[in-house]
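What follows is a single chain, given as structure tokens, in the form predicted on its own.
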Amino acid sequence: MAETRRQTPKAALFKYLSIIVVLSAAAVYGRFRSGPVLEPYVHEVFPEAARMEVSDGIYAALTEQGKLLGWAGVGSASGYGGPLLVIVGIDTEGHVVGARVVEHRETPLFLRMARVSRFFASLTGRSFDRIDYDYEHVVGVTGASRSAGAITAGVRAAVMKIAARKFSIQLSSPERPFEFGILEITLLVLFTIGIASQYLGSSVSELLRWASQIVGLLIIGFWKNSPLTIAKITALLAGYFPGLRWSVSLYLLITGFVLTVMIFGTSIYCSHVCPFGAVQRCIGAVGGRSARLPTRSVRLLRGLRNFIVFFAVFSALIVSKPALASYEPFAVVFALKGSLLQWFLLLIVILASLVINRPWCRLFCPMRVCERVLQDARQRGIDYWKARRHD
């Protein structure tokens, strides 16, 4: 059954152009809105400072009598949700006195999950030219491998700025490691299995689908907690493209999703890779998933889903925080972290999965909206090509 009735080409074009214009306007507004006020963060790293002076992007912290306490600089690095700003304070002797995350676009629970305060505390008192920026060390301290690179790069950028302008010392910038491991290999294998299943018999394809989904559940879900989310798509729409060296898995997910839909007309990610789809499938195998919703209810829920996705993306773009678009209950399942809304959604999905075949995938998943847009573009491209052949 098709998700929506087929629109005329002009109506579809008008709809898509309207959405593109509105989301583009939100993205532009979000990118060029005023940035954070930095003075309060300078006071946090220099609590004795009574006033401050700004010169060439460096804040000088001064006492009431005009004594120089040190300097504070801001460093920027790219996280998964976009730029991450870090402010670092260094006293006149060249020792770090404190650091804070000024602004980030990661998930709302990022600061608590990453425990970056532990990393910042480990820097305090160290000479700026003797700070340990080893990636593995930072991962061990923060407990957040995906954001460790952004945190350390931000701190390093701030320290390099102060060192060059106030101490006349040019520090080298260590290169972030190339991330290609078990997650990236797993994605390549699962997409390959999904593609191969398109050409195999139904019984073999079903067996491979179960096997690939279980592997995706264990590795992409519980071990790496790296499913494809609407927040990652929104970050790209906002113009935040993380470096390929440390974001191979992200580009594999998006490329695999788009290409398989455009080539085969269906998402291999949804059918063979998505760990949350595997969760629903396992629950459904226990409950029997025999219930069928009325066609009108299905259309209503899918229309509501489309509106929610548009509103979530629009809201995230206009405040330039792509992570806010993510309402999926993935973090609750795979990391036991999430908002009250996400816990509630998870409970509803679990109960519904006992009687309905993959209810989140069919009725609520925002990636289904992306799949539908790509399928529509693919079909219209095919129709246009066929019409040209018969002219």
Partner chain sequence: MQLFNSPFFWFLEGILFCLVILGFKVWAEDRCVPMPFWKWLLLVAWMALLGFTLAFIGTSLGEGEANAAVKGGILFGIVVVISGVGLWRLIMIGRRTRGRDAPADS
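Positions refer to the first chain, counted from 1. Source: prediction; values computed, not measured.
One more form of this protein exists, namely the form predicted in complex with its partner chain; it is left out here, but the text below deals with it.
The shortest heavy atom separation between residue 340 and its partner chain in the predicted bound form is within 4.5 Å. For the chain shown alone, residue 50 is not a contact residue for its partner chain in the predicted bound form, no non-hydrogen atom being within 4.5 angstroms. Though the partner is left out of this view, residue 37 does not reach within 4.5 Å of its partner chain in the predicted bound form, counting heavy atoms only. Interface membership of residue 285, defined by any non-hydrogen atom within 4.5 Å of its partner chain in the predicted bound form, is confirmed.
For a residue to qualify, one of its non-hydrogen atoms must sit within 4.5 Å of its partner chain in the predicted bound form; none of 298, 301 and 308 qualifies.
Residue-level contacts in the predicted bound form: of 346, 58, 363, 62, one residue has a heavy atom within 4.5 Å of its partner chain, and it is 346. Just one of 54, 28, 68, 351 comes within 4.5 Å of its partner chain in the predicted bound form, counting any heavy atom, and that one is 351.
Heavy atoms within 4.5 Å of its partner chain in the predicted bound form are found in exactly one of 154-162, 227-235, 277-285, 191-199, that being 277-285.
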